[in-house]
Each structure stands twice: as structure tokens, then as C-alpha cells.
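Taking the form predicted alone, here's one chain by itself in C-alpha cells.
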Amino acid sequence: MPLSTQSEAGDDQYILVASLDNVRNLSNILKAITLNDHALFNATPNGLKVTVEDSKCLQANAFIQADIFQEFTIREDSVGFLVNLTVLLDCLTIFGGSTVPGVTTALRMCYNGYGYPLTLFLEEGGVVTVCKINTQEPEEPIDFDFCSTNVTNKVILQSESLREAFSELDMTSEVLQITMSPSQPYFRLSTFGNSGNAHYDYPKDSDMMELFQCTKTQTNRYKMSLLKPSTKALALSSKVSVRTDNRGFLSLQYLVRNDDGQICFVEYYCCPDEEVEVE
């Protein structure tokens, strides 16, 4: 693809240049974290971290490693900007996301620093479209202070089994209750919806369970309205890590393979619902 294999004249002016032969490898991941209009982009030599927040109770992060890009050039230690994610996705899919075998849209994404727009060069079948999207000064994301040393319980599941659980639970429930315990029921998802209470249990030795590390019994409830957006990442993923810390904060980390078989991660942090008394 000409955009990603051949240097554009004037590349030296940009502090960030990222090129992809297949734009879907970026657009699919960004769709999985679309909680609201604005996303914080933070680029380092390791790659891109894109953060979206909602209601100060939910944070979604996409981690896109530098080696996923055919070219990834950054001229500073760290580059950050805020951009309208809805507009960005509209531009990335401007060619309609062709599903014709062998036909892909190439992307060259360039940024020249504070006050400059994010410039996208998109090419498909010899047609090039240039989009310029206004950027804003980045804001500091909320620090959920979720660190591995405070994690009390962790399981890693095949995503397929979690998708099955969500299809069987009652999504009219206002909350999803998660119980993690070193003893039975080990890992239980519960809903309390229009059709009554529903539970979905996973034995710790289930074929779908890749890792089971639970040190104490914890039962927490999370607003379903906050968790529903994470099902977009669940649909793309092959594995999911479910962790809770000593405060009951939830981390859902999804392993996603892109069209080229490379691995990206999408992580959601969610506050427990403190308004509900757990029996």
C-alpha cells in the first residue's frame, strides 16, 4: 500500500506518524471502547493508549502496540491529545469498511503537536482521502488506582463462555452481581430482572476457565448500564481476565486478535455500585 510503505514528503514536520495497511485493525478496537464522544490519545515509543471515560465510574482503555503498525514514528517521549472519537471513526470508515477479500483501506495518521489537527490519509483502490480532525488539550484521565498488588481475586475465561452467560442472564436487571470465592460457587454471575433472579456458575476446574486465583469471598454489584458497553470488546475477544481489588473495583481485560492475528488489549475499569445492599 503506498501510504504505509512509502514516506510522504514532509513527514519530518510531524511528531507522530502511524501507518496501517488495514485500517480495520484500528477502527475495530476503537469501536470497542466507544463510551462517549471524546477519547484521549497517548502515544509513546511502545505504541498507542486510547482512553474513554463515562460518568467518572467507568473507564475503557485500548492498548495498541507499536509493532501492530507498519510504521510508527514518534519524535517525543510522549504525545497526547483529545479528539472526537465519533468523528474519527466516521473518517476511518469513510470507504465503508470493505468486506471484499483482498481489499483493504490503508491509513497514515499524522500529528504535528499542540494546536494542530490530527491528519488522516486514507487510501483504497488508488483513491486517497485526507481528513483533518481538530484536537484539544488532553485532560488527565481518572486514576482508578487499580494495581495488581491490591487484586484479591482473578479468573481468566474463554470469551465464548462469558458471551454465553450474558445471553442467558436477564439483561433487564439494573445490576450484575459478581461473586468470586475460593470455595463454591467459585465464580458466579447473577442478575435480578423482570423475569426473576438468574445465576450463572463456573466451576473452578471448568474447561472454559484458564486461571482461577481467588483468595477471599467477594460479592459486588455493578451497574448493568456501565457494563453493557464492554460487550463490544467481549464480542471481538478470545479471552477475558476478570479481576477485583480489595475495594471491589472491577477490571475486565479483553485479549483481541486483529485481522492479521496480532494481539491488542482492551481494558475496562468499573466502580462497584455502592447504592445496593448486597445480602
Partner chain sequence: MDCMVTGGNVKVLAKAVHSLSRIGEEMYLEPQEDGLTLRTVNSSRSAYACFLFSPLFFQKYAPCRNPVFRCKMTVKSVQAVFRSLSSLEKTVERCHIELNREKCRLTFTLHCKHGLLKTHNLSFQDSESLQAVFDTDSCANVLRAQPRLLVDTVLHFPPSLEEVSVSVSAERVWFRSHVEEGADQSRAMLTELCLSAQEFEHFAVSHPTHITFCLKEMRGLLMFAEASGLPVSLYFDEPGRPVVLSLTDSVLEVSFVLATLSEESPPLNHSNSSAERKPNPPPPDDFLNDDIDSYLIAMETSELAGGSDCPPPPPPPPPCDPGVSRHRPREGEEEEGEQEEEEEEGEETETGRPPNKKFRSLLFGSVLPTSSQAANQTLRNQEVLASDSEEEEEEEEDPASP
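Numbering follows the first chain given and starts at 1. All values derive from a computational prediction rather than experimental measurement.
The form predicted together with its partner chain is left out here; the points below concern that form.
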{"item": "4.5 angstroms heavy atom contact with its partner chain in the predicted bound form for Arg75", "value": "no"}
{"item": "Distance check, Glu168 to its partner chain in the predicted bound form, heavy atom within 4.5 Å", "value": "yes"}
{"item": "Touches its partner chain in the predicted bound form: Ser148 (any heavy atom, 4.5 Å)", "value": "no"}
{"item": "Exercise: Ser206 in contact with its partner chain in the predicted bound form, heavy atom 4.5 Å", "value": "yes"}
{"item": "Option from 175 to 183, 139 to 147, 195 to 203, 104 to 112 whose residues, in the predicted bound form, bring a heavy atom within 4.5 Å of its partner chain", "value": "195 to 203"}
